[in-house]
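Let us start with two forms of the same protein chain, each given on its own as structure tokens and named structure 1 and structure 2.
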Structure 1
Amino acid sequence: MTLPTDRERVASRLRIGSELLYLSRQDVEHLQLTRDAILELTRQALVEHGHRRYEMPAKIGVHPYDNVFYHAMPAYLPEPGIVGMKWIECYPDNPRTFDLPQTTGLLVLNDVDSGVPLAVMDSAWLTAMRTPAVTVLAAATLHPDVTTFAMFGCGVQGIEHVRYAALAMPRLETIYVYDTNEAAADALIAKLQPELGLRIVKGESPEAVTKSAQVLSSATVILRQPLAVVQDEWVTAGQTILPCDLNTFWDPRTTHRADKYIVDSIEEHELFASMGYFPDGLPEVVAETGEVLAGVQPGRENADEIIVNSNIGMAVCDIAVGHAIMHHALEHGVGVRLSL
């Protein structure tokens, strides 16, 4: 018996071309695709990217205010045949001004064969999930024996980074967390310490945290001018640094002197540099994250290397996770069907 194709699976539950599936944030969250599943989907998308089996133009954007961006993030993955686009915004002041998240958005998926839209879904949850998945997949590859992990920023991303770190770093003993808003760090620890059973320690200062952990990540704010919160003098040989907030948090001297500067997408980083981010210049990139995961480029080659791996987020990961969410929703009868 031959298995139904991806399109046949969709067509058995959705009138392709006549209707599309709409999934609200609550729908997406309640489906609860597992973190293990998201890790695997993200890994596959990164490996496809590493082998150059994708189409993904650098994000185009509009910028109504300083330090604010909207990005259109289209992508196509020939294997297994997914096409779609995420449309997101980043308003760093949203939490303060409107009590709204910094980042919200929608993901659209289309039928590769006919082009018609299949689904529109809230993309907050999948962004919160796939971003730490990229960080920890890279961290586990670049620093397989890590026992100490640090997370700067204890918001949406920080919380999920800690969960994913516990999942993907088998030897992890201690996680250090730091946030300028102490209540956010306290809330993270109160929530995750019992859930994960790992030692989670609130850092006293960025310096103390930097000096305590082998692998460090940051998800704070993305600004054109680096805050350089972590000073270069605190960074020591052998550390692996994985910013999700571009060049904001780290001293540019560190990214420039690192033995390896690896990014998820060179094109995306060049685009940000052309918009005025990286005022000290984009460091020389030695490889893309997907290439390291695919084994096309080397990762860590000795224990003393300082490696900075900046992942600003790629649409190939979004559409891979969104595609799985759509199938899951169709199978479980979740979401609203809208006429096209």
Structure 2
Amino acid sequence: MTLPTDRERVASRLRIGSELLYLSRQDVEHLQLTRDAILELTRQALVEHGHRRYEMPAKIGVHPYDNVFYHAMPAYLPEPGIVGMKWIECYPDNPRTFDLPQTTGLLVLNDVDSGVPLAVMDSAWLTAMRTPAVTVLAAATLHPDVTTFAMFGCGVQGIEHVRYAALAMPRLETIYVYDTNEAAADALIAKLQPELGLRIVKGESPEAVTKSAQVLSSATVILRQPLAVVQDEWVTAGQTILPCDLNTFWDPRTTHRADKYIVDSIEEHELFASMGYFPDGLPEVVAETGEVLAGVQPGRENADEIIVNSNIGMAVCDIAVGHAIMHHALEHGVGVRLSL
């Protein structure tokens, strides 16, 4: 029996070229694509990227304010036949000023054969899910025996990083969390401690947290000038550091002296460096995250290596997860059909 192609599956539920599927934030969230599924979809996308089976220009953007960005993120994955683009913006002051989310955006998916739009969906939930998936997949590969994990930033990204860490790191025993807003850290612990059954500890200070964990991640603000909250002298041999906030949170001296500096996309990091986000210069990159996951390049080669792995988000992961969300929605009759 011949299985239907991806296009045939879509065409059986959507009039391709005559209509598209619109999925609101509530639609996307209520579809309940599992974290296990998102981890696997993200892993597959990263492996494709590691084998150079993709087309994805560095994300271009505009910056109306100093702490604000809009990014256009197109990508194409030939093997699964997925093409699309995420248009995302980040306004850190939104929650306080307008009672709106910090990050909003849309993802558009197209039919590879004809180019017509297939779906438009809210991308906030998708972004919140795939970002920590990349972090923990890399962490589990670079530090497979990890028992202690630290998360700086206890907002939406911080919460999901802790959830995904518990899922992807089987030997994990203790998670340390820190936020300048103590209430956010308290809320994270109250929410996740009963859910995960792991020991979650609120850190007393960035220094104490840094000195307590083998693997550390940060999801704070993204600024051109480093804040260097975590000082270089606090970082010791054998630690794995996975920033989601470029060069903002960590002392640039650490990234420059690390035994390995790995990034999700060299091209995108070079673009950010050209925009002034690495005023001390971009450290020498030894590999991309997908290459390590695909086994194309080595990860950790000895226990004493300091490894910094900067992941700022790639559209190949967005379209892979979005594609699965679209199929899930079509199968369950979720969303609104809009005429083209």
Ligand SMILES: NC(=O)c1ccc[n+]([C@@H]2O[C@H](COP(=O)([O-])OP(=O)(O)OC[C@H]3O[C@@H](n4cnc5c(N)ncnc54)[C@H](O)[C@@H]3O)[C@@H](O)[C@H]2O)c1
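Superpose the two forms; the largest set of C-alphas matching within 1.5 Å is the rigid core. By convention here, residues take numbers in order along the sequence of structure 1, the first being 1. Small disclaimer: the values here were computed from a predicted structure and weren't measured.
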Correct structure when looking for the form predicted in complex with the ligand: 1
Core-aligned C-alpha movement of Pro101 between the two structures reaching 2 Å: yes
